[in-house]
Structure formats: structure tokens, C-alpha cells
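In C-alpha cells, one chain follows: the form predicted on its own.
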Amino acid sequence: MLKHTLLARLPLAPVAASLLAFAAPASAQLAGDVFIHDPSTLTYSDGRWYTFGTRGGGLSSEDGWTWEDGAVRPGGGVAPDTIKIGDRYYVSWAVGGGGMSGGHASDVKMMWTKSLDPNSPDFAFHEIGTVASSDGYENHDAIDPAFLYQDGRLWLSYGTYFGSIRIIELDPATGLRVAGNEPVEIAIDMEATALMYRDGWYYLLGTHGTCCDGPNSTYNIRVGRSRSPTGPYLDNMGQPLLRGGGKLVAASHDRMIGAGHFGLIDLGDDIQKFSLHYEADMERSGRSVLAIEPLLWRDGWPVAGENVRPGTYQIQSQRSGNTLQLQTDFVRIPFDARRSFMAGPDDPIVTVPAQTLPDVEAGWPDGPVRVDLSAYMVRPNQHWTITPAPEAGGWFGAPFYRITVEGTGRALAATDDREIAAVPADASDDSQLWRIDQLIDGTYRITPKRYADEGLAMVAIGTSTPSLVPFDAGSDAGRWQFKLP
């Protein structure tokens, strides 16, 4: 828009087809009212998360999955951003500019409130004033503000494709421009910027490409970094952002077109996600929507991750490399080892059939069966089908999932004694719902919905025993990989 910018419980065989038909595609994130353009960084206030967009108003959510309209932001204008410092929530937004009726003359304004909840007695916006502007003639367009608060200093980047991206320093106590502070130009060929800090580096993220053309928008998010908030910012190839550089972070995928307006969500325990908007969700009339995706870090650079997709996998422990499996007796594949070792050079070559579910399932115990970890042997008790359950809700950009032994009615469950077992699948049983969140290194944390509030996750105890214990981000024991069989 104006701112070219930015934010198993199911009996498997008979029920799986209908569940997969109901489940949203992996790319169709979030439930409820998700229509927004230029979403601000997600901010937590009074038990809910808030994001605001162009033209005023915004969305709120309790769980980061189901969103609803009704957030209140006065002032109209375009592309706000929000940050909490002390007991204040600062909101910055722009009036004018964007190349629309106001041309490129614009003011970046500031206001504050002590709550973002319209029903709170602390909810009341107080306008501070203008902290940056453009006159419509200079090679700059003062919209798309974005905050960074680091080491007691408050920074604000702003600007669009029309000219430069600039950064100024604000007083965190008042929200006003630090006396005597002058804007510094830090990038070109981008808009909808965002700022992050990590391990001594300042990161400037910005949206490249074209916006506001639905499925024809070419928006994509790119990044450079610097040791100083005022630059110079370089990409991974040493190209300055002041010369149009930028390493790709996120782009169109699946049915989601035009990624823009990055906003960091740091949830702790090595789980970082980011909000953004897609210019067009092809499953939602090609409209601009809010999305939330995992954020990974590779070689010191941020890159978009991916929620686990529906399918069948081996679930491998990062701790030992062993695979999660139904705890059953080992069944040998018919094979004469002596004949193999003594085979002659002219003996015929034949295919050895893989072990199938009918070969082994009759010998499996009825009722709940414990699970364990063992070397991967490409066996039916080691293959797990991951099925999204968006009808059951979700958490920060990912639905809850059901995890079943492939082709069976046996679902992974969190038991009453806080252990893990495969039990008869029941689509109404919350103990069979799991949160699967990608961590910043690309592995996944598997958390039972039933005990999520207690911080429990599936963790490898030694090399052979999975259990539900508190997740430790400093250990590989609670990290898992989903690998195709």
C-alpha cells in the first residue's frame, strides 16, 4: 500500500483423508481476522498481543494464532511501529508521503500509552509530536518508522524506495529526537525497515521489490549488518546497503506472495519468530494478510525458517541420532546372511522387500504402548505421520499437530504421569495435540499442548528414552529433526 513496506487423535486410515482435507496448507498461517497491511512489530500488553497497520486500528491475539480485529490506534496514517520502554508503549507512524496524494512530503510522529488494551484504565494515547519529516522535494520520503532499543539508547529508522533510508536517535524517556541529533543515511532501494541487535551486530532489514499489486507484488525482505547502529551496513557479500545490497531473508512461497515488513518476535528458549505481511494470500482472495514464521540464524545471518509440513517422517533425536519409535519387539526381515556372503558373481540380483505394517502390526500390544529411541532401521514402528489440526488452535504461526504411527490409529500422547505413549487415536483428546516449533538452529522443539504451560517438552533422556521434562535451550536433548523416511 502507500508504503511499499512492511508484518493424533484420529483413527488414521478412515479419518486421515478428511483431516488432511480440513487442515490448512502449511503456508496458510493464522486463524481469525488476519487482514492487515504494514503490520507493526507484535507487542504484548495486558495478556494479549497487538499489531497495528496502515490507516489505523489493528489486530490482537491471546496465543499468536487466532487473531481478531479491534485494536485501537488513533492518528490514521501509514506503517506504524510499536515498542515498550519502561511503563510506556511508544507508537510511531507517518502522515502523508508514500507517493500518494501527499506526494513524498511526510511527517513521522510519536505518541505513547501505558496500555494497548482499549478496555484498560491505563489506555490513553498521548501525542508527543513530529520527530522526522520530508519536504516532498528532497530525495527522501519520511514514512515506515521502525524502533530499536539497545543498551539504553532508542533508534528509529524510516524511509522508502523514494530515496534513502535514514536513522535518528530518540530519547527513551520522552520519545523525542535527541537534541542536536541529525539523520544518517544508511540504505537505499528498500522500505519497511526493521532493526535488530545480536552478538555485537546491528541488523537492518528492509523490503525490496514492488508492493500493492496483490499476486503481482515482488516484495521480499533483505538484510545487512554493521557494528554501529548508524552503519555502514553491508550484506554477506560485502555490498553496502547504501548501494542497494541486501542478503535475502524471506520471499514468496507456496500460495503466499510478496513478503514484507519484518518484525522480530523473541519468545525465549532459542525460539525466535517474525511477523510480516504477505501482499497476497492466494487462499484468501489475494488480500494482504498477517503471517508469523520461524526465524533461523546461520553463520551470523537471519533467514526465514519453515513450519513442519504435513507428511510422514522419522523423528530423529539431535542428542543421539536415534529415532523415535513405538516400543515393540524387533521383527527380522527374512534374509539368509550366509547365502548372501557366499553368493557367486553370476547369482541373480533380486530386490529385498521392505518390511510393511501388515508384516508386524499383528504382534504389537493393544492399548497404550510406550515409545523409545533406537537406531533407524526403516521400520513401520519408526514412521510418524504429522497432521496439522488448525481446528484445535495453534501458537505463534503454527497450528497444533497430531502425530500418529503411519497407517495406524495409534497417536502420540502426553500421559497422566507426564510420560509419552502411543494410544488409540481420539480427535477430541487434547493430550494428543502437540506444538512443533522450529528453533533458531533449524531443529524443532516438540511440546505437548497439555503441559505447555508447565514448560515441558519431549526430551531425550540418555540415548534411548524420551520423556516430558523442562526444555533446556543449552542442550541438544530437547532438539529434534523431521527426516523423510
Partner chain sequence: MITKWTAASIVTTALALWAVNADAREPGQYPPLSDYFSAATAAPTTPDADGFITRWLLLEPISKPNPTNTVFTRSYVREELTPATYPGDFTAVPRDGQRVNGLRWHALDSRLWDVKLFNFAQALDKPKYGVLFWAVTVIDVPEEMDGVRLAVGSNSASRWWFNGEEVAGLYDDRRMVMDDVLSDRLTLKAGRNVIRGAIINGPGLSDFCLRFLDADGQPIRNLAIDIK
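Values in this document were obtained by computation on a predicted structure and should not be read as measured data. Numbering follows the first chain given and starts at 1.
If you look for the form predicted together with the partner chain, you will not find it shown, but the lines that follow are about it.
*Asks:* Would you mind picking the one in L242, V131, I83, I265 that has a heavy atom within 4.5 Å of the partner chain in the predicted bound form?
*Replies:* Flagged contact: L242.
*Asks:* Under a 4.5 angstroms heavy atom criterion, identify the one residue in N181, T415, N216, S374 near the partner chain in the predicted bound form.
*Replies:* Looking at the other structure, the residue within range turns out to be N216.
*Asks:* So, a 4.5 angstroms cut-off on heavy atom distances: do all three of I292, N307 and P390 pass it with respect to the partner chain in the predicted bound form?
*Replies:* Result no, not one residue of the spot touches the partner chain.
*Asks:* Counting only heavy atoms and a 4.5 Å cutoff, which of 36-44, 58-66, 420-428, 433-441 contacts the partner chain in the predicted bound form?
*Replies:* Careful reading of the contacts points to 36-44.
*Asks:* Are any of the heavy atoms in I315 no more than 4.5 Å from a heavy atom of the partner chain in the predicted bound form?
*Replies:* Judged by the heavy-atom cut-off of 4.5 Å, I315 is well away from the partner chain in the predicted bound form.
*Asks:* Can you tell me whether V78 touches the partner chain? I mean in the predicted bound form, with a 4.5 angstroms heavy atom cut-off.
*Replies:* Close contact exists here: in the predicted bound form, V78 approaches the partner chain to within 4.5 Å, heavy atoms only.
*Asks:* Would I168 show up as a contact with the partner chain in the predicted bound form if we use heavy atoms at 4.5 Å?
*Replies:* I168 lies outside the contact set for the partner chain.
*Asks:* Going by a heavy atom distance of 4.5 Å, is E191 a contact of the partner chain in the predicted bound form?
*Replies:* Taking the distances in the predicted bound form, the answer for E191 is yes, it comes within 4.5 Å of the partner chain.
*Asks:* With the partner left out here, which residues of 155-171 have a non-hydrogen atom within 4.5 Å of the partner chain in the predicted bound form?
*Replies:* If the 4.5 Å heavy-atom criterion is applied to the partner chain in the predicted bound form, 155-171 yields T160, Y161, F162, G163.
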